[in-house]
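Only one chain is given next, in structure tokens, and it is the form predicted on its own.
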Amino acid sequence: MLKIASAMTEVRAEPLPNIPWQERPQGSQDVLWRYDRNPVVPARAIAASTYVHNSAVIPFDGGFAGVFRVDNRSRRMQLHAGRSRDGLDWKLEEQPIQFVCDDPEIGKFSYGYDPRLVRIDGRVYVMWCNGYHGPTIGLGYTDDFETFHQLENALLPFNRNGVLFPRRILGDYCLLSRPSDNGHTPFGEIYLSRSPDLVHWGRHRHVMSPIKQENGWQSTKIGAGPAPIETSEGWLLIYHGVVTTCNGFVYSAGAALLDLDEPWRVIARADPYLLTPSTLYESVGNVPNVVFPCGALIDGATGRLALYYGSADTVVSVAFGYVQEIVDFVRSNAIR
């Protein structure tokens, strides 16, 4: 059985009393447990979709809103907005998001996928991978989930998995990313970049590399998941890790703690995964054997967490847990 510590952790997030939730199944010792009615967004959620997966959600207007990756009937990757009252029953817009952009050159991109959402100073920011001469990190915002404004792309191609921290750190916005290539990247490490204005990015720092030993679950590549969660123990980062097997890539979810003031410095990183493909909807689909976390809801009052993840690049699923238990899990099972 995995070791779990028991120090009290302060979760620095707003209360979210209506967070979607299901109690841990009786007899389970898992740190994260799956919703028993997964998936929460099916592949054919709208008329135009072939698959819906790798999507992000956020509390909004008394309920929840999200940006969803939709692979349409042409297999083109696009972003669609969606709403839910309870975070489990979702209604997606039939038409893809059309970003408003001051510069038409930047606004031209051939695809959009794998979004993340974060609220900073009351404004909801969207990060996604777009096709500006290859995959790079698009950055925009919305105040109402109806009109979406696009800012300058954060970084040059080739880059993926752009994730903003939910507040400035030492005066700067901070962004995690995974430099990549123009294909299905067989490598990847997490880096951090800083900006005073969300336009000019620099002061790049290395954060984490894959763990190459013994062909483990995070031995091929890693990438940031939802926006990091601020706690008294550090920034809790949920991320994906990939192993190359004889049947291809397998994507799992793990966790690490980053320093609050120097978030490129890793305090602790769990050796075991939190979640790996084991159900039918995670193991069979467009891309088999994928658990890809992109969104998280947090109740600051109870430390409850609802983690949204793409399953087999086909549907959206959710798992539940407690921030306290995940922090304990990371510390007690840290890579030495």
Ligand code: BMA
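Start at 1 and count along the sequence shown; that's the residue number. The structure displayed is predicted, hence computed values, not measured ones.
Not pictured, yet referred to below: the form predicted in complex with the ligand.
Contact annotation for V287: at least one heavy atom lies within 4.5 Å of the ligand in the predicted complex.
In the predicted complex, at least one heavy atom of F292 sits within 4.5 Å of a heavy atom of the ligand.
The ligand is not shown here, but in the predicted complex it comes within 4.5 Å of a heavy atom of D313. At a distance threshold of 4.5 angstroms between non-hydrogen atoms, K221 is in contact with the ligand in the predicted complex.
Proximity to the ligand in the predicted complex, taken as heavy atoms within 4.5 Å, picks out 107-115 from the listed stretches 196-204, 107-115, 80-88, 209-217.
Looking at 239-277, the one residue that comes within 4.5 Å of the ligand in the predicted complex, counting any heavy atom, is Y251.
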